[in-house]
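Next up is one chain by itself, shown in structure tokens, the form predicted alone.
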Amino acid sequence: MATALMNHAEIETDDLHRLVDPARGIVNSRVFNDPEIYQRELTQIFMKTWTYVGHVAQIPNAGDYVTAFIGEDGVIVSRGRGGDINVLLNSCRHRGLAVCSSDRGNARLFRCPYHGWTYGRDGALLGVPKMQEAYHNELDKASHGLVRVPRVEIYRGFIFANWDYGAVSLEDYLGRDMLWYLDIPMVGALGNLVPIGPVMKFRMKANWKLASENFAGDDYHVLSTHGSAFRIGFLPDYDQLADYTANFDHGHGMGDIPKPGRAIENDRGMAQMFGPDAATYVEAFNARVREHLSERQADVHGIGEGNIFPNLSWIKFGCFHAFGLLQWLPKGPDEVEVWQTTFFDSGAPQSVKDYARSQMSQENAAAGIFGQDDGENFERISEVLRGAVCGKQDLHYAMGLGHEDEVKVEGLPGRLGPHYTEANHRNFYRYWLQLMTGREG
């Protein structure tokens, strides 16, 4: 039965508990279309969680910068003269205009085009036109620098920022269990994980959570949404590729986790198409994981797809797939901007790099098979949920409810689940609810 809409404008904590009930596997469609809920997400979620804002390889030199978003707040990620990394609110302290309008570059200064206030790489206010005539030299420049994001931490080159002074450390937020998997492609790389080409950006008319929850471990949709890829032989039988899902604290989840030994054998088979250099690379990658991490991590080898709550997804199936990051940047309750960054091992053979780049373009990019499949779903769901009736119905998230602890695999961390389950969705919305209400859901 649909949950009734409340009469007052501001949604209350008890309303959210009625709309989202992970214990029963219910998420009301209002959470995907309600402007009040969306505004609450910007403050309760995006100001309290760690958000990915860039990679150190994108800003190697002093003065290098990239722009990014935390929720809908634009930020500048800049490299200082001493190598320090600053994350600054991209908004002039005078009238609020963005002081940097480029995606990336190198700059000594950031100057607002409206009235010319000028800031340094660290955000300090350096220059104000007509200081004597306009401000009688009374403006305290020291207190009018660009606002700094107070928490900035880096994990293996990936830069995250957080507005919450009291937040747990980045590594604690990501969690030891999820990092057990994410370390595999990061440590296994023979060189460095470096971005290939610029960030690809496009928009969809869809709520950001539809994409995040999908990558958090919705293996079930692959059979129908991407079924054509299997029917034409683009991919082998889906159940031969991966076996498990897993979810973690703080709403994180991943899917398409292979049985130990499966992914390395798939890569060895792929290497036969490319020759001895590729075969040597696969074995060297696996040996590096085995040496620097563990035997069990080397046995897993490829990690599938996942989502770091709230809105950073990854995809990485093995040595012949790029490490793809997808950011789902909210632009309103019914619009999301997708930023896709493709990373690959600088130490891989060129033939493997070229194939991985091609695979990412064909599969999960804006014009790829899977990217278009998913995007159409997300947009059509959002369109349907604008209806007066559809927009307030309870949606079913109860697959596998009551069977969450039935999958146990020795040595694999996280709360494991079968290939097809919605336990990861419930985990996502359990943490969403906790942040939105400020109490356990």
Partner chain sequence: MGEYLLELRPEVEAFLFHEALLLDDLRFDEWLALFADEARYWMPIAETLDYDQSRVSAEGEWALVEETKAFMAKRLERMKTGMAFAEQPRSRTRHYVSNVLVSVGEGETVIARSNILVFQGRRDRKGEFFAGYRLDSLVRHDSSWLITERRVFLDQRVLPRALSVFL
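In this text the structure is predicted, and so the values were computed from the model without any measurement. Positions refer to the first chain, counted from 1.
The protein also exists as the form predicted together with its partner chain; that form is not presented, and the subsequent description refers to it.
Contact annotation for Asp394: none of its heavy atoms lies within 4.5 Å of its partner chain in the predicted bound form. Residue contact check for Asp64: none of its heavy atoms lie within 4.5 Å of its partner chain in the predicted bound form.
Shown alone here, Glu383 lies within 4.5 Å of its partner chain in the predicted bound form, counting heavy atoms only.
In the predicted bound form, its partner chain sits within 4.5 Å of a heavy atom of Gln340.
Only one of Ala98, Leu126, Ile196, Leu293 comes within 4.5 Å of its partner chain in the predicted bound form through a heavy atom, and that residue is Ile196. Only one of Ser361, Asn192, Thr118, Ser91 comes within 4.5 Å of its partner chain in the predicted bound form through a heavy atom, and that residue is Ser361. Comparing 160-168, 312-320, 98-106, 130-138 against its partner chain in the predicted bound form, the single stretch with non-hydrogen atoms within 4.5 angstroms of it is 98-106. If you check its partner chain in the predicted bound form, you find no heavy atom from any of Arg262, Met270 and His419 within 4.5 Å.
Residues of 355-388 lying near its partner chain in the predicted bound form, listed in sequence order, are Arg357, Ser358, Met360, Ser361, Gln362, Ala365, Ala366, Ala367, Ile369, Gln372, Asp373, Glu376, Asn377, Glu379, Arg380, Glu383, the criterion being any heavy atom within 4.5 Å.
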